[in-house]
Ligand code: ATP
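Before any questions on binding or motion, here is one chain by itself as structure tokens, the form predicted on its own.
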């Protein structure tokens, strides 16, 4: 990171020249700010809270920065819990709300303890150095995340030009993006996440550095990438995130099998993924729960069908081909993004449910309707139909009616189905 710029004086924006009001800061965050200030410590609202308030958005979290050490913060608040081994943070609990307070961080190069600042191949592995407000600002990732609201006089403090970038709706890295991505490759995903959420354009230097260093994400532990994936796709901006990941060739790192299929020009799979993400965004905006297993099942559906068709050509049954292909696809994906066991089984059940939805004769329909994964499989079927997959009109309509029908109506529907001409086998539908 280029630290020479940190010698410059900050821009101070007085209260009269910005739009942040204390009334827009949560009561809990205000309490912490004032108690720190009254105890003689510096107290600032920082990061996404400041950024979002300036954009007229409602922050979900309020993070604070101070010159008080974690131990000093803990002495001020009985409801404080210190977390973190290498860099300690103070979490102050107010019921379900947690206010995170961080001590100003310095540059890792200043540490005299080699265990405090550990770098391998340019990647910053540990960083445990306290510093000043100015140092804290210059070690943050993006300029728009390095704005500080001072509770002492309600001014804004801007060391990095973040306010101008905010007004220009530009996402710019603090320091050299190449160095910053080497320190932590996940910052590339953070750039995509913020650009999608805020509708900002990536600075050209960020775009070039992503193109050069995107393969460094392969060195990030798969478990961490899973956590980052949830942040990318479960914040209400999944569709735009998908577009940006594909545009900057990061989808190839995160979902290699899906990316390879998309690059063959598979329009149906692209429509399917887009519709899945549109639905995900809508559920989040409606405050409805979203199951990550459903999202993974959608992102990997196209590669699954392609792999299944290979096994079918080797004379495997449809069910056996589905089972083997499911294992192949999930194992390959898990090499990149760790899939916890609690999600792997539901993913497989959603996929297997597509065949079960086809097999409605006898007692099968009534049995499957009672299974825990029926709803997810049914929703997945509707998603395929929404995306324009052919041959699903009758099947979707039948299951929609069957769910709400009474027992005599269900018997009639099954009898009618028994008398109908045989339909094509399930694997003849929507496979390459």
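As the structure is a computational prediction, the values presented were derived from the model and not from experiment. Numbering follows the first chain given and starts at 1.
Below, we turn to the form predicted in complex with ligand ATP, even though it does not appear here.
- With the partner omitted from this view, the residue of 145, 160, 103, 333 that lies near ligand ATP in the predicted complex is 145 [heavy atom within 4.5 Å].
- This chain is displayed alone, yet in the predicted complex one of 61, 38, 379, 27 has a heavy atom within 4.5 Å of ligand ATP; that residue is 61.
- Though the partner is left out of this view, residue 140 does reach within 4.5 Å of ligand ATP in the predicted complex, counting heavy atoms only.
- In the predicted complex, ligand ATP lies within 4.5 Å of some heavy atom of residue 187.
- When contacts are judged by a 4.5 Å heavy atom cut-off, residue 197 counts as touching ligand ATP in the predicted complex.
- Although the partner is absent from this view, residue 224 contacts ligand ATP in the predicted complex, with a non-hydrogen atom inside 4.5 angstroms.
- For the three marked residues, 48, 51 and 193, a heavy atom of each sits within 4.5 Å of ligand ATP in the predicted complex.
- Heavy atoms within 4.5 Å of ligand ATP in the predicted complex are found in exactly one of 27-35, 394-402, 369-377, 40-48, that being 40-48.
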